[in-house]
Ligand SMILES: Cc1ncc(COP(=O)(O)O)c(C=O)c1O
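Take a look at this single chain, the form predicted alone, given in structure tokens.
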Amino acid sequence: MSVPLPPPELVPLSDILPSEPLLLMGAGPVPIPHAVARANGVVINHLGETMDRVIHRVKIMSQYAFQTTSDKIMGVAGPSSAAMEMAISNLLWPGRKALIFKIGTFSGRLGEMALGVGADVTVVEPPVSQPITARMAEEALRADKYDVVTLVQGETSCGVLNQDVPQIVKLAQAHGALTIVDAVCTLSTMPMNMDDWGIDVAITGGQKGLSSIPGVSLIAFSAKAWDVIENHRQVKPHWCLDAIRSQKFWGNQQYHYTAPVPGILALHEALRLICEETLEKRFDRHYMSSKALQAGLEAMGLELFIPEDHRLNSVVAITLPPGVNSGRLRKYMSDKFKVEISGAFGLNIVRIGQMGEQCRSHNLFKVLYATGMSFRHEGVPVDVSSGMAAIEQHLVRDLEHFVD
């Protein structure tokens, strides 16, 4: 018996996508440069000589991005959550203890993964919108002995910055624990020094600060973490995410599974652009762009969800006033202004991203105007003109950082 064609008319993708693409100003994915888009359209042999050269260069450029001399850097054919799973499943198993510092959805996800591989899990969670402090970490580490400590540098789900990451990592190290740090929305947007801070595993995704495509992520292991992995030879719960097997491809260019070739090529170009810009200039561009956006939002009369002293610059969360519906607000913004921002995971906020190509002056003006007019459409008496003036004042001061 033959299966009939599906009822809807068969049309090319160009007939489904909007005629004017949405400007992606949410918490990810973000717009990608032309060089990244071109690379993502190329397919080559994943085991050939050309790919060997690409992998070698990706690892060298990743060392710069992570600020590490480790050669145990691997791409993961999956989202940032897959890189999280590789970290968790290679360092935790039944009988091992994990201390999870949770400040939102994604830092909490690491705890869920740790439970999934049978580890003994303890979760420390401060009140909503608060970071993990070094004092909290020290108290938790004194209470018990742990094999692994996990935390995020920046919590994408609510916009909190864990500014005490360097101190927390040193404390964990002093107590004999390995550290896994989620730098998904922070790598290349703000300082993150894997070696100097003593981080054992750092992970990131392609679709945020790197301005590459979703679905290919990066993970870097310290020598100490790799020693634990090499000495634990039991069967891993994930074949594809087995770090020893993955190293065959990323370290020795041998077959593991068919690599996501276009995604790796896109990642190569994204990393190349970061190296050309330099981390210092990129950090400055992200910082000043986000500060300008924050000033514009507040000048309009909107309230930012996270206090300034621990506010994450790469994802800015806005508190929704009473009566404003997140879904309706964002739909109006995308339909009317072709700008897309993000909702949240149970919190009464919307989020605007400030990562990679989002941090360009023309994007700031467009997202600020679209946000202001959409809140006005919801009945919120914001002063859009004051917001636009405030953002312009900030940008004029540092105009050289916004040459598009």
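One rule holds for the numbers: they count along the sequence shown, beginning at 1. Just so it is clear, the structure is predicted and the values come from calculations on it, not from any experiment.
If you look for the form predicted in complex with the ligand, you will not find it shown, but the lines that follow are about it.
Student: For Ser81, is any heavy atom within 4.5 Å of the ligand in the predicted complex, or not?
Tutor: Because a heavy atom of Ser81 falls inside 4.5 Å of the ligand in the predicted complex, the answer is yes.
Student: So, Arg109 and the ligand: in the predicted complex, are they within 4.5 Å at any heavy atom pair?
Tutor: Arg109: contacts the ligand in the predicted complex.
Student: Would you check, heavy atoms only and a 4.5 Å threshold, whether Val152 touches the ligand in the predicted complex?
Tutor: Taking the distances in the predicted complex, the answer for Val152 is yes, it comes within 4.5 Å of the ligand.
Student: Would Ser314 sit within 4.5 Å of the ligand in the predicted complex, counting heavy atoms only?
Tutor: No, Ser314 is distant from the partner.
Student: Since exactly one of Leu293, Leu92, Cys185, Ile199 fits, which has a heavy atom within 4.5 Å of the ligand in the predicted complex?
Tutor: The option sitting close enough to the partner is Cys185.
Student: Can you pick the one in Gln207, Asn162, Ser246, Thr179 that has a heavy atom within 4.5 Å of the ligand in the predicted complex?
Tutor: In short, Gln207.
Student: Look at the stretches 72-80, 281-289, 220-228, 129-137 and give the one with heavy atoms within 4.5 Å of the ligand in the predicted complex.
Tutor: Comparing against the ligand in the predicted complex, the contact stretch is 72-80.
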